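Just one chain is shown here, as structure tokens, and it is the form predicted on its own.
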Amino acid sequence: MRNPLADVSIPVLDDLVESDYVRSLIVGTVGVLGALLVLGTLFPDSVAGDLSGIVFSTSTAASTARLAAPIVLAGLGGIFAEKSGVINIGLEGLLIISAFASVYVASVVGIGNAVLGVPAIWVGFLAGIAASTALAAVFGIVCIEFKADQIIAGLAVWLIALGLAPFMSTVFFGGVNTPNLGARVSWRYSAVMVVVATLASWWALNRTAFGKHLRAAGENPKALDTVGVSVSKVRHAGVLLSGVLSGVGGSALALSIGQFVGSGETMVQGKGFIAIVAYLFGNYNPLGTLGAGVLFAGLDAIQIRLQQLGYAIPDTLVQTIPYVVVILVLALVGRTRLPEAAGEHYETED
């Protein structure tokens, strides 16, 4: 007798995991983790045992959540911008400016104080979001209204933030690294924000009129204009959302340790560029972006713990993994497809 449940599916999950590509990534990841757990259990004194102990430890989970927040959240923001037709490679700059602004405002308010009942650290968090959104708004005006080259404008956002944040830190705190606030945002808050933002982004993109307009602006802006919807307004909204989400990520990163570090590439350390890799790797699917961000952050957290155990693994080698992986995916799988009108300017027809 044929099983009557054979064709039963859960529509929401089927839509959420919307392609064989994403399903294969999930199955592959679960398979690797399962094999590692088995090997670690059978051979506890081997490299597999050490690696299994690290991967499934609470400290690694906490570190992964902290490192994944800016990658996943900025990646989600990048999806909104690029789906609307605007390529925002300035995500790194948005993370940097929000990281500094959050720490600076929290320091000015003073830990232990509050504004309208809101504790200083959360006032700083909101300020970081506001700073990132403001910079994203400028980027949007330059690219959408003045039709500047989006790649050059995105690089300008990054370079401005890379120079401005350490400079402002030196002006206000006497050095590129700010003093520690003495308070921090728990990694659990970061994990919750990442999950909520991922689900909300998927819902907005796939279940709302705004999501349909956003996709139309990036795929066929003329069709959207024909039905009376402003392409420029939709694109501005997409860019602003990239600023909001990147602001959440940058603020979460800085306030998770209670300090802004402005030396070198700053404490952001390329996470904005890895965010771009994450949403390309996830094929513009928020769930895929979440998985890619957690994977890349987890690898970073694991190499730190392996070094503490005496394994000489260069961190620069681990940092190249996301870029190598996405090149392999694009070359061998070829499932990532940019929106048709991404990077193209659009003149509204009268």
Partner chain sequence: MNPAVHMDGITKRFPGVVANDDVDLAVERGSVHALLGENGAGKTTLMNVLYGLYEPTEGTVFLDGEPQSFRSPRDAIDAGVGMIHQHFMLVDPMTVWENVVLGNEPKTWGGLRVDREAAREAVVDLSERYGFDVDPDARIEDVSVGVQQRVEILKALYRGADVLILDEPTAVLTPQEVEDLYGVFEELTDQGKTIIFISHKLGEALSAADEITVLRDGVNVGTVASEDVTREELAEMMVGREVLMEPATTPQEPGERVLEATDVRAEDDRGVEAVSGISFEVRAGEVFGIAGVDGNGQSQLVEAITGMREPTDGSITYLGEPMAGESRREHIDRGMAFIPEDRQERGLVMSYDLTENGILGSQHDPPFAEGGRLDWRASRDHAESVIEQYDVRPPNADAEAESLSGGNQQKFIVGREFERDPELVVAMHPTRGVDIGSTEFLHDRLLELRAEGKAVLLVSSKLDEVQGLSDRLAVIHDGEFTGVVDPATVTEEEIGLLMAGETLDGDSVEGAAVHDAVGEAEAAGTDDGDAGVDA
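No experiment lies behind these values; they were computed from the predicted model shown. Positions refer to the first chain, counted from 1.
Missing here is the form predicted together with the partner chain; even so, the following discussion is about that form.
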Only one of these stretches, 163-171, 204-212, 88-96, 183-191, has heavy atoms within 4.5 Å of the partner chain in the model of the complex; which one is it?
204-212
Among Val277, Leu224, Leu241, Ile129, just one has a heavy atom within 4.5 Å of the partner chain in the model of the complex, namely Leu224
Scan Asn220, Ser232, Thr133, Gln259 and let me know which has any heavy atom within 4.5 Å of the partner chain in the model of the complex.
Asn220
Within a 4.5 Å heavy atom cut-off, is Ala216 in contact with the partner chain in the model of the complex?
yes
Within a 4.5 Å heavy atom cut-off, is Gly228 in contact with the partner chain in the model of the complex?
yes
